[in-house]
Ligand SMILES: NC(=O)c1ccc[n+]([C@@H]2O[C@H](COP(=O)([O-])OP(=O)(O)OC[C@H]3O[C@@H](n4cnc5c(N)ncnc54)[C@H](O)[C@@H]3O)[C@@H](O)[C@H]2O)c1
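To begin, one chain is listed below as structure tokens, in the form predicted alone.
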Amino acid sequence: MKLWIIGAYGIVSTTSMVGAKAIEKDLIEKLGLVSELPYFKKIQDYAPFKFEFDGHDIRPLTNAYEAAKEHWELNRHYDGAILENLRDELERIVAKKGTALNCGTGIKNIGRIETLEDEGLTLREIVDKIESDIKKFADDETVVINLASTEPLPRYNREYHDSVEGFERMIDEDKKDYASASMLYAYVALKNKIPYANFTPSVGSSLPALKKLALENGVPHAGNDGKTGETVIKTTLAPLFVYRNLQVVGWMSYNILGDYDGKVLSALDNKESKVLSKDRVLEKILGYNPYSITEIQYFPSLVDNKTAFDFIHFKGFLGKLMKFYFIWDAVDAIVAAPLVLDIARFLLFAKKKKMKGVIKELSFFFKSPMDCETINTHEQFEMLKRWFQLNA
């Protein structure tokens, strides 16, 4: 299958490429891949594990090998011999210049960038260029996934965001104040009947207009915000307090991270949507709002080794207050990359089964799943299994 990645030179993107190609060459095991569990064995009939990659990026690097090498030098997050073994394949992946329209002040922290809007292009010209790039690559086996940096919350406008006609009028009238990069990429994918996933907290395909476009064009899509680390633990652990009728009085989550993700999220406007995505899960699981603190701070020396400290204050029998602590410490790209490949395979499966609109059964992979109030990790996994087994 083909995978077009928005943010193709990021660490999650390049780690996904390296992992996929290493598996194809039998250099590594398939650990971390949900789609390789026995429950989903038949996915091989619809989305065999063989990937071709391309995408957009705003950093003017030479190719995916250069990007992967840069990330590897900082993180050493896998055996360097694997990267060198794949050098020829990665050097052939050359991302096209993308857009960072209304992506926030944090984008300035990642160094030199080159964007389509810097060329003075209108919204229509930006969309046409993105569409031309993707159409040269895409076929019936293609999925688009957004792995770009987190955008600020969009400037919502019902006139432009609630209908397909309004959205296209926004593009034709060049109303850049109401557009963002993630929604433009999602629009192009759905317009061209290519399944789309948003692995970020950015708006992506969650606008009413784009949900309608997906239904009109018969395209499956999913998101938002890949559930990779601390939130996986939170949404797996929080149900315990429900099952045992224990009252969570307060929950503090303190996240520190480095790398380009940390640089972008050090800007308040970019951080806001990420904090909201992480913070909403408790109310949905518990059914009430305990006192909570969710903080994300840039810590340069960690690079991609994200660390989270969680403190839970809970009340039990006889009103006794008790405490639970945990620390999550993992390389974010290593836990995120296999999920990117999983989501791509499941969306291609959905397309081949002629499904359209939001695939809520993929909520297992997201912090803020569209059109799905089920946040409990256990229930989400059962949903995913039932959905696949009923349709395979």
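In this text, residue numbers run from 1 along the sequence as written. Computed from a prediction, not measured in an experiment: that's the story for all the values here.
This protein has a second form, the form predicted together with this ligand, left out of what is shown; the following refers to that one.
Only one of 171-179, 240-248, 209-217, 143-151 places residue heavy atoms within 4.5 angstroms of this ligand in the model of the complex, namely 143-151. Here the marked residues 54, 195 and 351 all miss this ligand in the model of the complex; none has a heavy atom within 4.5 angstroms.
Contact annotation for residue 161: none of its heavy atoms lies within 4.5 Å of this ligand in the model of the complex. At a distance threshold of 4.5 angstroms between non-hydrogen atoms, residue 47 is out of contact with this ligand in the model of the complex. With a 4.5 Å cutoff on heavy atoms, residue 205 does not count as touching this ligand in the model of the complex; it lies far away.
A residue is said to contact a partner when one of its heavy atoms sits within 4.5 Å of a partner heavy atom; residue 72 fails this definition for this ligand in the model of the complex, lying far away. Out of the listed residues 126, 107, 134, 281, 107 is the one that sits within 4.5 Å of this ligand in the model of the complex by at least one heavy atom.
In terms of contact with this ligand in the model of the complex, the residue from 359, 333, 343, 64 that brings a heavy atom within 4.5 Å is 333. Taking this ligand as positioned in the model of the complex, the only residue of 351-390 that brings a heavy atom within 4.5 Å of it is 367.
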